[in-house]
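Starting off, we have a lone chain in the form predicted alone, written out as structure tokens.
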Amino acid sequence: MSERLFAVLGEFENPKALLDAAVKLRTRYPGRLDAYTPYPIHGLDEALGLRRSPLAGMVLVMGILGTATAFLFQWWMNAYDYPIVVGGKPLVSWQAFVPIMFEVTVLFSAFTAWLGAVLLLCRLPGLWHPMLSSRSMAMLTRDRFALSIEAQDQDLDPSSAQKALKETGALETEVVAFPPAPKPASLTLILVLAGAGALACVFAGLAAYWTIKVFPKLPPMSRMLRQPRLDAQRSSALFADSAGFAPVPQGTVARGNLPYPFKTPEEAAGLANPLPRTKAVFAQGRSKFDTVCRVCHGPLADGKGTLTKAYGASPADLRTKRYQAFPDGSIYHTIMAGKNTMPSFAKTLTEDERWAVIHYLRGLQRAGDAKDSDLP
């Protein structure tokens, strides 16, 4: 036989005959038997002497890995990288993680089952399997069952194998050879397939775009625009207390917004200005002073602002000895809490902007009471 032998195939009429033949030939041809059926047959793996498929274990391991991966990602994002208290819940609220954990578990398991079965176990894609050229293949996809004895190292005697299959009840036998090796695809074919794929993608994208444009109210587009949701601070029929938002725990502080602890200028007197005396800090202080303070205290902080007499109040001259002796912390407290007709600027200026204004004010005080030693 000039062609390379793949296997000797025997056709059987029903599953029972196939199972009986497999049991009888298993010891005679160990590790060489394989079966082809139009549907799964219970007990066929044991009859062929095949080991249990590792696919279930692969799916289990990857499913557990998917669960752990989803949990760790959500824990890292919610409790470490960007911790936010939502509805008074703990940072690690594993109950809220369950939907994503479930989805990632299914994702990992499904991909493992498909890739493991197709690539690792079935060794697909194999478009030129020897059985595809067998004359028995048409029957095996309908109502016939086949048992093959594979050649493996080409030491199989075809006539002996055919005789053994006949003795175990095979209706017909066939010698299956390896088909000729396929020719590599030409560059023209590759370019044609790539171009066809690109055109199909462009057409699909344009079709989807114009379908949404012309028919914007078709589902699922309209359903995505009008989704049921629970607005903040609204009631909910889902919970027993009808509350849709858990109350904030007592003593909760917004992240990055600690409450101002001092009540009097004397309590805040010990605060030290954390900003250095640099050109950039003085420029920032001057900008904010001109925006917030100049209208009342004047450009030189001497109490001569741009307000008319209709204002009624008398802004302080911040260059006097009294205010020069004020600690930076006391001035900071006045900016935070206000004084007399001066309102609080805690929400107008950031912390750095307040300290920058104080630095600039100190510069104005020094300029208004300059000494000979200050001259260059």
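The first residue of the shown sequence is 1; numbering continues from there. Note that this is a predicted model, so its numbers are computed, not measured.
Omitted here: the form predicted together with heme C. The next part is about that form.
Not one of F102, S109 and F111 places a heavy atom within 4.5 Å of heme C in the predicted complex.
Only one segment in the set 54 to 62, 26 to 34, 330 to 338, 39 to 47 has any non-hydrogen atom within 4.5 angstroms of heme C in the predicted complex, and it is 330 to 338. In the predicted complex, heme C sits within 4.5 Å of a heavy atom belonging to A313.
Proximity of H297 to heme C in the predicted complex falls within the 4.5 Å heavy atom cutoff. For the chain shown alone, M342 is a contact residue for heme C in the predicted complex, at least one non-hydrogen atom being within 4.5 angstroms. Although the partner is absent from this view, K347 stays clear of heme C in the predicted complex, with no non-hydrogen atom inside 4.5 angstroms. Shown without its partner, this chain lists A151, C293, A268, V176 as candidates; in the predicted complex, only C293 has a non-hydrogen atom within 4.5 angstroms of heme C.
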